[in-house]
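Next comes just one chain, in structure tokens: the form predicted on its own.
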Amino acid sequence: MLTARRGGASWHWTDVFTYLYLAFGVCLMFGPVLWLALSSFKTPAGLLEFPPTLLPLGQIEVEVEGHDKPLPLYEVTMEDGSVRELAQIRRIGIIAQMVDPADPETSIRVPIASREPIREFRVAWENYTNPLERFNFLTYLNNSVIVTVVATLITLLINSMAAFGLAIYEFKGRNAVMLFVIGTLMIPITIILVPAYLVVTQLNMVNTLWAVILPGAATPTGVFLLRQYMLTLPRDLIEAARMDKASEWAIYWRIVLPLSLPAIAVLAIFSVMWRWNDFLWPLVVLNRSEVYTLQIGLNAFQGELDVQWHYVLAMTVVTLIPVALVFAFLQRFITTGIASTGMK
């Protein structure tokens, strides 16, 4: 076995392989996110370049006497092999009409294959500022925050109460009720889309944020996750609380919920991701731009013939930030919460 000494520690070849494997996994997972973030700072022309570049680059433009607008600057290889920096006046087919900025009177015709654009690192901040100023994205962001926070709180309350009843109380048909709850996972949203819309319409909630918040408040995944975790709680603790004349509400609020925080944190992460990224249901029940969420607002940049990719990428990065913050804050509960749900 080959080993290497580093700081007095012995390195086995499996250690090196493990670190390389983990580094490959990190690149595989976060590489697309890094590419998305860097591409969000590119200009529309930079996004269409092939082959694409990793960093946001912009072509240098120079002021040339006799021209109202700045002209793009190129590095041109001449017929004699010399290299010159020329500005492009116009392009006709495969021939570009160019001029030397130092000698604007002389026009030079060169094939486009013999030139390379001169570029510099340039960040297109307008990809972020324009949507926030012109397209009311702050309103969409505010609506998404309200929907996500309120819906998550309601989901945690309803699911934890249902899980408390199914895990703590002994009654006939408890397992049948749990099977029914789990069975609803097999029903796709497209099946219940029309009935749910009719209910929302009868309650006069169309074009309100409540139409997005309430229909998905109770989730079978959350009930199952919390119930499995609550089954691991010691029954002696609950019986002792009842002997001390604690009410069922006090047992639920002061004992069961604090002990179930890891599973609740996992459900909170799931709920935030579900609500924040939800697109189909808000698209159905929201028709006014004042109540659009971020995902519906992103759809506004995709026209029938043109897609404003620079705005789509920039606002996609904005939509990722809250979810990433929530995950970073609650990620320490994920392993504990998910692992504990399978103990019984």
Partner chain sequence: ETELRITWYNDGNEGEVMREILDRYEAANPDVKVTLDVVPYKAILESLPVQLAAGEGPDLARVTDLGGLSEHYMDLTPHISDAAYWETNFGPFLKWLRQPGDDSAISGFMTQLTVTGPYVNKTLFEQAGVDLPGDGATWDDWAVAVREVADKLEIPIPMAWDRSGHRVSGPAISMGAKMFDADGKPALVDDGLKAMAGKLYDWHQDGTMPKELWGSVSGSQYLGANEDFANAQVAMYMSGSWQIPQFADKIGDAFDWWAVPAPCGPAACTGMPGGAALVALKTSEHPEEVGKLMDYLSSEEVLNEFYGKTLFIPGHLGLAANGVEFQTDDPRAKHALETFAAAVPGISPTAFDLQGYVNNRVMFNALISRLGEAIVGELTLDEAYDRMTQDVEQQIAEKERGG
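Residue numbers count along the first chain shown, from 1. Values in this document were obtained by computation on a predicted structure and should not be read as measured data. For the two forms, the rigid core is made up of the largest set of C-alpha atoms that agree within 1.5 Å on superposition.
The discussion below concerns the form predicted in complex with its partner chain, not included here.
Trainee: Only one of 199-207, 142-150, 102-110, 118-126 gets a heavy atom within 4.5 Å of its partner chain in the model of the complex; which is it?
Mentor: Selected range: 199-207.
Trainee: Using 4.5 Å between non-hydrogen atoms, is residue 57 touching its partner chain in the model of the complex?
Mentor: It does not: once its partner chain is placed as it appears in the model of the complex, residue 57 has no heavy atom within 4.5 Å of it.
Trainee: Contact with its partner chain in the model of the complex for residue 67, defined as at least one heavy atom pair within 4.5 Å: yes or no?
Mentor: The answer is no: residue 67 has no heavy atom within 4.5 Å of its partner chain.
Trainee: Does residue 81 reach its partner chain in the model of the complex if we count a contact as any heavy atom within 4.5 Å?
Mentor: Residue 81: no contact with its partner chain in the model of the complex.
Trainee: Should residue 88 be classed as touching its partner chain in the model of the complex when contacts are defined as heavy atoms within 4.5 Å?
Mentor: Result yes; residue 88 sits at the interface with its partner chain in the model of the complex.
Trainee: Comparing between this form and the one not shown on the rigid core: C-alpha of residue 113 shifted by 2 Å or more?
Mentor: Yes, because once the rigid core is superposed, the C-alpha of residue 113 moves 2 Å or more between this form and the one not shown.
Trainee: Aligned on the rigid core, do the two forms place the Cα of residue 182 2 Å or more apart, comparing between this form and the one not shown?
Mentor: No: residue 182 shifts by under 2 Å between this form and the one not shown.
Trainee: 2 Å or more on the CA of residue 71 between this form and the one not shown, with the rigid core superposed, yes or no?
Mentor: True for residue 71: a C-alpha shift of 2 Å or more.
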